[in-house]
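As structure tokens, one chain now follows by itself in the form predicted alone.
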């Protein structure tokens, strides 16, 4: 593993829009013992539906283009940072491999913030329970949660499961379009890049690749859901679909995997070039839905990097010949 010498680092906000609140009553509030009797007026102008992005640029770069990491539903960009069991996460590993890395917090998540404004978002926020995390992330069957009995051969670090649950945050079900729009704003700032999206973020990455084919030069979808059913601008664009283990152990995942395959087929039907990395077929057994956190996550990243390196080399050769 290479040492991590940075040529630059920073953060920025992307996308969002202004809203104005009016007609709401004022109230007297107390921020603290030393800051009391304050007249709070909620009326005025606000920014909402922006994305937060943190980036690290290695001094020596292995890939010609940066990677943008997009988290899944009910999570934040922290899922790419240090693993729940304190191992190095994909963010640091990519930087050490010489890859410029951008990590996004999507609309309503993490440092992007959410809109606590009356009447701004429809619906209500939901939060994932530990039991749902256990089954939906394919650690084990829901009925086996109380006993903390995982699937045989599971690669997820079971001792760190509670720390994974601590990473979950509230989410709204009505902000899909706002999240995709903010991610479009991110890639317009970053420029030509490779999108790597997990779960809901995998579907978002595919949608953004359709909207910005000149900027999204390749897409890696880690167990995506919610992807477009039709692609009209994917011609010649590469995409890698990555799938873990235990899919057939859960009816929900049987449906989600089928939906992901339909999106991959739609990509191909739209002229895109789609590869599938089925980890069990590659001899990597036991991967949960959180395959970027599993004990063999570095091996999974090795395979993703092999694919990205081939794509990067082909782009570099084309640009050199143009």
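Positions refer to the first chain, counted from 1. Because the structure is predicted, anything quoted here is derived from the model rather than measured.
What follows is about the form predicted together with another copy of the chain, which we do not show.
*Asks:* Using heavy atoms only and a 4.5 Å cut-off, decide whether all three of 187, 233 and 283 touch another copy of the chain in the predicted complex.
*Replies:* Answer is no for this spot.
*Asks:* Could you spot which one of 192, 213, 125, 98 gets a heavy atom to within 4.5 Å of another copy of the chain in the predicted complex?
*Replies:* None of the other options qualify; the answer is 125.
*Asks:* Among the candidate residues 274, 65, 279, 48, which is the single one with a non-hydrogen atom no more than 4.5 Å from another copy of the chain in the predicted complex?
*Replies:* Of the candidates 274, 65, 279, 48, 48 is the one lying within 4.5 Å of another copy of the chain in the predicted complex.
*Asks:* Of these, 150-158, 108-116, 214-222, 239-247, which stretch puts a heavy atom within 4.5 angstroms of another copy of the chain in the predicted complex?
*Replies:* That would be 108-116.
*Asks:* Using a 4.5 Å heavy atom cut-off, state whether residue 297 contacts another copy of the chain in the predicted complex.
*Replies:* Residue 297: no, not in contact with another copy of the chain in the predicted complex.
*Asks:* Mark residue 92 yes when one of its heavy atoms lies within 4.5 Å of a heavy atom of another copy of the chain in the predicted complex, and no otherwise.
*Replies:* Yes, residue 92 is a contact residue.
*Asks:* Report yes if any heavy atom of residue 136 sits within 4.5 Å of a heavy atom of another copy of the chain in the predicted complex; otherwise report no.
*Replies:* Output for residue 136 is yes: heavy atoms within 4.5 Å of another copy of the chain.
*Asks:* Is residue 77 close enough to touch another copy of the chain in the predicted complex, meaning at least one heavy atom pair within 4.5 Å?
*Replies:* It does: once another copy of the chain is placed as it appears in the predicted complex, residue 77 has a heavy atom within 4.5 Å of it.
*Asks:* For the heavy atom contacts within 4.5 Å of another copy of the chain in the predicted complex, list the residues of 33-48 involved, in sequence order.
*Replies:* Stretch hits, in order: 34, 35, 36, 37, 38, 40, 41, 43, 44, 45, 46, 47, 48.
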